[in-house]
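The chain below stands alone and is given as structure tokens, in the form predicted alone.
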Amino acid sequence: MRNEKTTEDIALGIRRRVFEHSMRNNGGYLSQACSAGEQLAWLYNEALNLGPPILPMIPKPFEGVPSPNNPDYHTGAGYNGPAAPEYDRLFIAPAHYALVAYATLIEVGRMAPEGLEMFNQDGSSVEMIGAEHSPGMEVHNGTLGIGLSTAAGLAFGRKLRGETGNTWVFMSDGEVQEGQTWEAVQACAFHNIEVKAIMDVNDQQCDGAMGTVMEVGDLRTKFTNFGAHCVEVDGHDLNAIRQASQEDHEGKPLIILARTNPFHAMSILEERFPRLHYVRFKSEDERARMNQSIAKDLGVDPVDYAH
């Protein structure tokens, strides 16, 4: 399933949707749309071999947790199509990127725009922090650092079964502060698990700039030393991402470090750097200024958030 829009147009559409949503709701995950727009657009529009979605275009309300009394339980992965041997699987490791992931699903025709109106509403499956029942989510990754190892386990199982589909992970750089990430890379190298990952390296996290929370050093060297094939690219350069994804990594995990700017295409957000994890407007004046500035950057009219 491929979209008729270009990947560049999808990345712009993602940012426009997240911008509109954030203005109407007095805040949102704007910087994640800035840094990850190209990566998620490329994954869904080019990299992933996915079947048609098998869940309703307008997401159903939360239908309960897995249990013997809930035989119809399903995860949100059905928006990525069926889990067939020939199709790829995607894990969204940083669950706080959910708003950006939902916008991506809409842009590539896998979820209806009405789904975004359910975001963070009581009883909705369109969670603010993506859960396993949320659109596009395969498992719950609310604890940062478990995404790569969870995907590696699935990829290992698929390898043993002889499945041909790839297993991809979208990650954030804050996850390298967790030991489980490095254990996963080691395990993949040892067991020859060829999982593929692209990491949004925007150098900022909930508590501020990465370097002020925990210095992580030379990531490419560290990933290589742990047994991965690691490539570092400009995360806003689609051709560089495309080339990196084609590099040979036989018997090893592929880690693409996508270096990004957390205020790319929304220049006024630099005023808040590095406190950009979640942008809640401090005043109506700031909200109005950001509305005008970001709308101009994205080539759209300011949002009429009063209605």
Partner chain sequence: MVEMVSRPYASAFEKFAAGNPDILCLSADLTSSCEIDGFRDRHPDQFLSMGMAEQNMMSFAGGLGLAGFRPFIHTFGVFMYRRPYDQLMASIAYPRRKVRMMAFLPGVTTPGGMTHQSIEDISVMRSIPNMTILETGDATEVESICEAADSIDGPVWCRVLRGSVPRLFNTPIKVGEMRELSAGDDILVVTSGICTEEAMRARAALKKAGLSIRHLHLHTIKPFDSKALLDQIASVKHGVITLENHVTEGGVGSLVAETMADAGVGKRLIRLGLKDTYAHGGSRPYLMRYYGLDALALVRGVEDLVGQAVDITENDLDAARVDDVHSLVKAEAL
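Residue numbers count along the first chain shown, from 1. Everything quoted here is computed from the prediction, not taken from an experiment.
What follows is about the form predicted in complex with its partner chain, which we do not show.
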property	result
Contact at 150, 154 and 193 by its partner chain in the predicted complex, all three, heavy atom at most 4.5 Å	yes
One stretch from 201-209, 133-141, 118-126, 104-112 that, in the predicted complex, holds residues within 4.5 Å of its partner chain by heavy atom	133-141
Partner proximity in the predicted complex: residue 251 to its partner chain, non-hydrogen atom cutoff 4.5 Å	no
Non-hydrogen atom contact residue 66 with its partner chain in the predicted complex at 4.5 angstroms	yes
Interface membership of residue 96, its partner chain in the predicted complex, 4.5 Å heavy atom rule	no
Any non-hydrogen atom of residue 221 within 4.5 angstroms of its partner chain in the predicted complex	no
The single option of 184, 197, 100, 92 touching its partner chain in the predicted complex, heavy atom within 4.5 Å	184
